[in-house]
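Look below for two forms of one protein chain, each set out as structure tokens: first structure 1, then structure 2.
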Structure 1
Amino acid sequence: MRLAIYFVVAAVALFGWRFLRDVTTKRDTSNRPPPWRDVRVLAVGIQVVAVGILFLLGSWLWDNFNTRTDDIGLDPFDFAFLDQPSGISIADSDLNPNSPISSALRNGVKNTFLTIVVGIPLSVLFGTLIGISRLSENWLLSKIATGYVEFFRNIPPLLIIVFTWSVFLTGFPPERESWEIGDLFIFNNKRFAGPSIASQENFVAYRWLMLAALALAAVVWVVRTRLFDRTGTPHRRVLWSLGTFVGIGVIGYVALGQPFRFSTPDIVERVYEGGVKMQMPYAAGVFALTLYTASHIAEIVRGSILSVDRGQVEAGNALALSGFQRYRFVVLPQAFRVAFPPLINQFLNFTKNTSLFVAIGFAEITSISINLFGQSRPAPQILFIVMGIYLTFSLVLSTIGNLINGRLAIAGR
């Protein structure tokens, strides 16, 4: 039945299209070749066949899927289960087994996001450092950096993650015997904790003040740049802007009567108080993935700097630019354009690789979904949601990347 409909549709499409074309073109149609030799008909024909095959395959799979899900009494379009209790508890969250599945998933997204926002900047920072070290004229430093890159690039990230986790697990003491560095840091094989800022009175006002300070610093930046453009006096805009910002910060701190204080972590009766804390798997995972991603970013940084034509440096020399000026205005802007697209690719890889944290039990979105499968929650819908979330992450990142890349592109290249 379906087959018949498909053929009718195909035939109508094919001949309807030919008819339309003959009517709309000015061409003489008396000399038509037979359809199986007509390039235009062939082009449509191939597509119709391709669509047909895809359609048949798709409908076969879809039929099977519907029958099989019916057999096991599963409605793949029923998303009501999201409101049922999840049956899993998630560390360091206010979720318990009775919280709905939707909040568990949301918590997973939050945790994935937390790994990305911390891990990607760290990877870039560390990777750049290693990449530049490889270019160092210091033989030892460049060899160590090379060794680092060759080592970490050629090991599965999953292995690095699990290895780091197992080292943290066996290397750090249990909670009762936590290592404490001063009063500032606490390390044990469950959690790491460090100092943070705790709000006091007037903190809201202080936050607004600092926002204003940021705006003012930007204004100072622009003013100094304009001054430089007009008169040629060195702008020193970094110094000026930073000075403005820090100055206002200090004055505000005093004027508003100490709107915040530093809070140090402490374990009282197995409960962490004050400071910021993170789970050991989170720290291990982000640390390991940073090591791995940094080895790739280092290669990108190194390759992009080397890709700048030697003639560019020579041209800079010929214009009497200083070493710093040469790098700042000639080499780095060009290197950055080369490095940018593969960097975005690495960010995407980092995002996808956070799914490996499932192996060390950090509650990001993939491990939440696997836990839910363990509770016999419907796999199709959950997998659909999880894949959708990753696709969204990928799409957002690559869209931002493409936008920036488009603006970076050099005309005429």
Structure 2
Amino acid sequence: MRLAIYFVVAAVALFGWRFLRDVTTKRDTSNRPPPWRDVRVLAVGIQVVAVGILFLLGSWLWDNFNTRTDDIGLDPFDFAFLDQPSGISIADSDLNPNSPISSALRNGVKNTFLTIVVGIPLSVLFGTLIGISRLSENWLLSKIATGYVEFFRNIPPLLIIVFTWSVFLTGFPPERESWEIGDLFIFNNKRFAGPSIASQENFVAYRWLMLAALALAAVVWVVRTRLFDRTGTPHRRVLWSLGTFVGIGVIGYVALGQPFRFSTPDIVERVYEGGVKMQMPYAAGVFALTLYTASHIAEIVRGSILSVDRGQVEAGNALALSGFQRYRFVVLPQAFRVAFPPLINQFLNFTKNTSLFVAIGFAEITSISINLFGQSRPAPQILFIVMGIYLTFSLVLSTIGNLINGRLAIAGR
């Protein structure tokens, strides 16, 4: 019935649109074909029918879902449950079973974000080095890089993650026999710990000062770059920007009366005090996923380097540039113009593959959602939230990648 009503309304609207178009444009309709032979009418009609079918299909699925949930006694499709106790605990966090579900999900988003923000740059760096190594004139280095790519690229990422987790778990000592390096680092099969900074008085003001210093360093970078473009004077923008940032940091540290102190880690009765901690599942997962993603990025980089005109390489040789300088100033800037669009896809794949960390017990968003299922929480709503989170991550990465790609693209004439 819904389908019949929709098609009647769509047909009336379509004929009305055709009539209004003729009236407003004052066209001669004497020689015009009938509606069922008019190409424009047919094109619009097909799209209207497709939208209608999709809408009705979605409506049928929604009604079927509501009927099924009512039959088995599930809660209505709302999100009031987010304020209920989660019933789970998360390692290295302040959350406990009495914390709300929304807090648990936020913690999962934070852990997923930390995985992405560390893993993607490492994958690009490592993949670039492997891609360059595959083109090396050194036979041994080239074959090792080729073997690496062929090995990791053809193994499912889940197996690499589980294998790396097993190696880390057995390769490091138990907590009571932790390796300690000069009171600065602690390594065991549960966590890694290292030095960090601990806030003191005026730390908030110092943090805002450093944000301003970072903005000023960016301005210095732009100014030095424009000076080089205009006069040819060596820009040395890294040294100038870093000097600006460090100089303001040192002056602010002294002026604000030492707003932070360095904190080193220690284990007191199996409790970590001071420093910064990193869970073993996080380290193993990021390392494994970096190895896998870098094997794909290496092939993208290799193909992009081969796309650079050989005359560019010969020009670099004619200028007596070293191998590093040739790649740094001639080859890689041109290669990454070609490589960046497919690299965006690898960034998205890395983001989605973080869901595989559920196999090693790391509390990213998928792992937390599965634990919530075990506490009899409504699965459809939680899955809807988790899919929305991954979609948001992917859209943000795509947007940033497209902006960077637009900056890298060569402007046409």
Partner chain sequence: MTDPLITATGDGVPLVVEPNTPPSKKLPPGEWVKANLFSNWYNSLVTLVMAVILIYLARFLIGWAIGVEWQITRTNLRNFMVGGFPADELWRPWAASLLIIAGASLGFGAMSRAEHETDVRNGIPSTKPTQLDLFRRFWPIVLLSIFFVSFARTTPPFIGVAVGIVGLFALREVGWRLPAVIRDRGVFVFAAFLLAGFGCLAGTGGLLAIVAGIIVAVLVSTELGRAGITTRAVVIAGPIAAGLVTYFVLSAIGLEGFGWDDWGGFHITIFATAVGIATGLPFGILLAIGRRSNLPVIKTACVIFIEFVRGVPLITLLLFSSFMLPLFFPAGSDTRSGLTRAMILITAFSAAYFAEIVRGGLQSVPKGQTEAAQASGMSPGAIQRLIVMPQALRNVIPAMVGQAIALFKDTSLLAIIGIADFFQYGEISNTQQDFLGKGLQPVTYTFIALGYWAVAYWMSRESRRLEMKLRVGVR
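Structure 1 provides the reference sequence; residues are numbered from 1 along it. Basically, rigid core = biggest C-alpha set you can superpose within 1.5 Å across the two forms. Keep in mind the model is a prediction, meaning the values are calculated, not measured.
Between structures 1 and 2, only structure 2 derives from the form predicted on its own.
Relative to the superposed core, residue 176 undergoes a Cα shift smaller than 2 Å between structure 1 and structure 2.
Put the two forms on the same core and the Cα of residue 55 is off by 2 Å or more between structure 1 and structure 2. A movement of the C-alpha atom of residue 391 falling short of 2 angstroms is seen between structure 1 and structure 2 when the two forms are aligned on their rigid core. At residue 333, the distance the Cα travels between structure 1 and structure 2 is 3.4 Å after the core is superposed. Core-based alignment between structure 1 and structure 2 gives a C-alpha movement of 4.9 Å at residue 261.
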